[in-house]
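A lone chain, given as structure tokens: the form predicted on its own.
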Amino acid sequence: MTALAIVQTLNGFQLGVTLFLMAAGLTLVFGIMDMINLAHGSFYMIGAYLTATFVGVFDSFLLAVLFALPLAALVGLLVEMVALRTLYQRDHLDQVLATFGLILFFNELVKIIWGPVPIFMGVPEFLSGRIMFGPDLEYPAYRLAIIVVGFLVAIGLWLMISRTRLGMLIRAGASNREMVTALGVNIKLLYSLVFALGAGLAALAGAMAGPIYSVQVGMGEQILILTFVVIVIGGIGSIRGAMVGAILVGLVDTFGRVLLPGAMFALTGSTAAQGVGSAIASMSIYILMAAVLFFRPRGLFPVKV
């Protein structure tokens, strides 16, 4: 039982850090630029496809990621400059419609380039084993590597946000962008950098998810809803909130899916109740979000204004 709890906790952390990589960029874009970007999941998909392509070219997962991330960030930069820059002064409905159109555009573009058939990318050979924590406790090395990378990125983002001039401008932009503009900061350049950073982080999440899930068209939409839940729980514009929210969502979702169906069956002895448990497990993160919003309407760590 202890081993199961530890393994599921690690699974929750693995899902959590993946969500954090998605949420970190999206919450900055939303918090600083006041931009609702439904196409953020497309960069997750593009990162996975580019990584799968470069793995075939270099036969090395690390090299593939190193080439895929800057390219995905460049795609994000171009999207911001060409399609989104004119939407900053528009209302949120216009932004939602425009970025939904970008989702359709990227899905069709991916079909044209890579085809509609999912791509299966193997786990890197040097991470294909399992880490032994005890006689009855082992965990896949690749999933553990995802957790480590996620936390390293979180530390790097914290250092950048709290210790660098760029981070100071980002924090100031999240709190009062009009004041930042009035102080002579090139707000367009800041927006472009933040958007490219967000696209790169989403691409990193997609690259690491590729060997676990199939790389397929529309994969970004599946994780985008969870990402928005993370942002709402953590507080819009807050990196710390994104991290805490992502871990909470990862743990609640993982333990809910593992424990609730069995608990309902144990209580009632009915397979129908087991199905109800599965349904409640699927809703668990939304119940968590509702509870957080009831007590803290602006999220756990809202940006101070």
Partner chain sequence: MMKFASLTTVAAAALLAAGSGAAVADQSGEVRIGMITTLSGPGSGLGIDARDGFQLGIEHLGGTLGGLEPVIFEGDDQQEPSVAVELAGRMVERDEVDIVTGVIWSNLALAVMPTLARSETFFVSVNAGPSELAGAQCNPFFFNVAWQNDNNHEAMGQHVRDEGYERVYIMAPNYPAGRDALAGFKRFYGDDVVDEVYTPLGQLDYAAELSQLQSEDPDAVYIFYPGGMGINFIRQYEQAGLKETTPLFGPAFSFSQDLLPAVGEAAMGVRNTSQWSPDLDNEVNARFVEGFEERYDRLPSLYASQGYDAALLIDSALNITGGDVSDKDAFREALRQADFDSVRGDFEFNNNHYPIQDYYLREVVMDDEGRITNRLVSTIFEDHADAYHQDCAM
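Residue numbers count along the first chain shown, from 1. Predicted model only: the values in this text are computed from it and were never measured.
Keep in mind that the form predicted in complex with its partner chain is not shown, yet the notes after this line are about it.
Highlighted residues Gln14, Val117 and Gly210: every one comes within 4.5 Å of its partner chain in the predicted complex, counting any heavy atom. The closest non-hydrogen atom of Pro140 lies within 4.5 Å of its partner chain in the predicted complex.
By the criterion of a heavy atom within 4.5 Å, Ile103 is excluded from the residues contacting its partner chain in the predicted complex. Residue contact with its partner chain in the predicted complex: Lys111 places a heavy atom within 4.5 Å of it. Residue contact check for Thr53: none of its heavy atoms lie within 4.5 Å of its partner chain in the predicted complex.
Partner proximity in the predicted complex, defined as non-hydrogen atoms within 4.5 angstroms of its partner chain, places exactly one of 88-96, 193-201, 121-129, 159-167 at the interface: 121-129.
Of the residues Val229, Val75, Val217, Ile187, just one reaches its partner chain in the predicted complex with a heavy atom at 4.5 Å or closer; this is Val217.
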